[in-house]
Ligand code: ADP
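Take a look at this single chain in structure tokens; it is the form predicted alone.
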């Protein structure tokens, strides 16, 4: 008998028919002799509707009250799923985050989980019940309702799996697994049978929308095996999805590169004629950080004649604000010659743990792009990732040729 935690997202819970479909799926897992804990999101679009309603009343809702309001979306779906299971003859019990006592800090709208009291869940599981828990929410020491931020239901699912020492945490969504790249760009993209936590974390941070970064970090920290599955597959035709696990569980002859990730939401800023002296990077990036803008890739050229150029990337939504900070606060303060910006770039990345033991990945990537006339503007590397910034118009071409160059369109032997 296995203990399984399943998480169903908003699209899976979007209508009464879909909720009944989830109930039938949960029942099948229960009938196979498993203990099952289910974490659910609010119905698709419901959280956005609640936030919009709050802002109709108050342009800047007080965060504590906003959490009280938006946490109600999951309260609806846990009760509906419990009702659907009970109609199928399955004993089920629903709980809010506060009732289970998912203890968080008091950072309203983006709280972090501190601990989970699993006692109540274990008693119900021992009584042969299916336990249903509201995702995305918890409670602080003072008893205030808190929410975990976007994607918080994934994090709830992984955290419950860690607290219960579950055999597996299954994330049900509208895709049937993790692919080598976006099939909408490369129709030959393959679904991966398994991928490491490190690779999934890199792909999530680089633009893959399958899983939230926080949930992957949590799973990696507590060694919770994750499996991505589709809740829309027909009964009897379900696949095994993609298992996300530790590197030791992967196959020795797995491909060097597991996937090609990309992010369109990038913008580049360059400070020209920067005085080449110690501390200049801090003087440029300090005010950016104080404005709560995340900086991604950074390049500082070799200095000539006492000056250098300093480039970095930010999310495209932060481009205008960052450009203004550079022009008004940083350029006159450090005596830079000019500020240049480009919000028509993208980032393309090759990800794979095999890079650690196989040289030549970078040269193959650069050669492949050069043969297509794609100019590389910036480069960033880690042990298992190589990222490049290129002109946005080349994004799809770059993804396709790299996917082919690293043999990701071929089924492994």
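Residue numbers count along the first chain shown, from 1. Values in this document were obtained by computation on a predicted structure and should not be read as measured data.
One more form of this protein should be noted, the form predicted together with adenosine-5'-diphosphate, which is absent from this view; the next part is about it.
Asker: Considering non-hydrogen atoms and a 4.5 Å limit, which listed residue (175, 125, 213, 299) is close to adenosine-5'-diphosphate in the predicted complex?
Answerer: Residue within 4.5 Å of the partner: 175.
Asker: Establish, in the predicted complex, whether 10, 184 and 203 all lie within 4.5 Å of adenosine-5'-diphosphate, using non-hydrogen atoms for the distance.
Answerer: Affirmative, all three are within 4.5 Å.
Asker: Of 318-326, 219-227, 175-183, 277-285, which is the one stretch near adenosine-5'-diphosphate in the predicted complex, taking non-hydrogen atoms within 4.5 angstroms as near?
Answerer: Only one stretch passes the 4.5 Å heavy-atom test: 175-183.
Asker: Taking heavy atoms and a 4.5 Å limit, what residues of 119-146 are near adenosine-5'-diphosphate in the predicted complex?
Answerer: Heavy-atom contacts to adenosine-5'-diphosphate in the predicted complex: nothing from 119-146.
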